[in-house]
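Take a look at this single chain in structure tokens; it is the form predicted on its own.
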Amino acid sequence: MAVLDLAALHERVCSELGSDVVVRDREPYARDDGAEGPFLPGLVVRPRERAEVAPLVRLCHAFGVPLSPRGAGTGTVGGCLADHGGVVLDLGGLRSIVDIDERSMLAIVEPGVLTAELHRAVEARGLFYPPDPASLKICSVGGNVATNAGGPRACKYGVTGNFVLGLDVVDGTGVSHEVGHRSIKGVTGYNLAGLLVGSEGTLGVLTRCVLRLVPRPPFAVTLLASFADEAAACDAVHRCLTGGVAPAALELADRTCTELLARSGTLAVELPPGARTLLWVELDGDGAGLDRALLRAADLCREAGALAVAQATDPATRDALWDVRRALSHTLRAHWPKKISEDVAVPLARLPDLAAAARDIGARHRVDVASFGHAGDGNLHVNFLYDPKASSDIGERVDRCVADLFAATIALGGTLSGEHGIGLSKRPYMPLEQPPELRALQLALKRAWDPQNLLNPGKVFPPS
């Protein structure tokens, strides 16, 4: 690896942009919310305005120093970590909501805007930005774009990429581009905005996002259905998706999660005896239609074998139910010393097979497993839970669990990542899903955007 002249780069950054763009405490940037690292960056810079991003990238290009863009650091696969020892470009200071155009129903925001901040701002205008990752209170729009994040409401509305119309981006040489459009439709040239969505900072550094909005649904209600097993809950998912109720969200929690929540007493409703799987059903729309859909969804869940169906029609109870669901990852983390979380996705028809495969894999390797997530679009978060001190071979057994899960997912016609991205963690498994020719085609695109391979190098694709 070439020796990086970070001292000279540091001096030039301070000379051209001022010393206050340099972050002195680099330690918080050594990790994200996953298991990778620590990787201490050689330099952390935090631009104060969009106009400073391109000069920073040009300086990195001139000195041959790699850089990793970082949003709020809530990722789980090491995608924003400087394992290369170079620069972390912290975009968290770019937090302006530039414009909310009510008539065109779009928002223009900087990448550091927190997702929940955007939700509040547009909903105050009677509009709606549906993407809602579990970490929405602390994750940034730029990070959501970089991984094409989803969330529960992706079941009805789609993921982040479905709402990105245009992007301002700086390529690997420091040249700024405006890609995409502000119109709802647009097919002039290649869909470069679509290419950048989910590219994990390997093609460019985002400086502004043009996002599509929709009218805010006037009402929303939530059902919490409990089942004896995952298969029955998956049957309810199918019935709700095809039964004419158009659910906004269908979220599943397996037996490990359900038993933990039942013991904790954090659920806003009481569970019946024998409940081992939970299904959150969110419906939204106008009042009259919503009442009919609520009754229909409850009937569909009962037809699938629901032991009980609790309704939450008031905002406080709804919020309490969803807070528990969104906190599941952290709830598991509080009860096991360590967890490895994967976000595999399969065709909807294979969802019961994925849930069963995850449990079988855990049993085979003697590792606790908990699965929860976005059943409405076939995306489960499978968590392998363990104590690193439990045995000398526990790390190897967890590694085998992960490898077996990915192999099972691909065999079911699925994908390695539904929304978290590949980053460092899933990089070794890319050949399971994509052949060499396809990876080479994508690397050729990267060379066009980033000729020196300085933008988040080593992420997504395994070394050749």
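Heads up: residue numbers just count along the shown sequence, starting at 1. Predicted, not measured: the structure shown is a model, and the values here were computed from it.
If you look for the form predicted together with a further copy of the same chain, you will not find it shown, but the lines that follow are about it.
For the chain shown alone, Ser425 is not a contact residue for a further copy of the same chain in the predicted bound form, no non-hydrogen atom being within 4.5 angstroms. Contact annotation for Arg182: at least one heavy atom lies within 4.5 Å of a further copy of the same chain in the predicted bound form. Although the partner is absent here, Arg263 lies well away from a further copy of the same chain in the predicted bound form, with no heavy atom inside 4.5 Å. Residue contact with a further copy of the same chain in the predicted bound form: Asp393 places no heavy atom within 4.5 Å of it. Candidate site formed by Ser104, His177 and Leu441: every one of these residues places a non-hydrogen atom within 4.5 angstroms of a further copy of the same chain in the predicted bound form. Here is the short version: of Ala306, Ala249, Leu279, Leu203, the single residue with a heavy atom within 4.5 Å of a further copy of the same chain in the predicted bound form is Leu203.
With the partner omitted from this view, the residue of Pro315, Gly289, Pro337, Pro272 that lies near a further copy of the same chain in the predicted bound form is Gly289 [heavy atom within 4.5 Å].
Contact with a further copy of the same chain in the predicted bound form, judged as any non-hydrogen atom within 4.5 angstroms, is confined among 24 to 32, 64 to 72, 411 to 419, 48 to 56 to 411 to 419.
In the predicted bound form, a further copy of the same chain lies within 4.5 angstroms of a heavy atom of only one residue of 353 to 375, namely His374.
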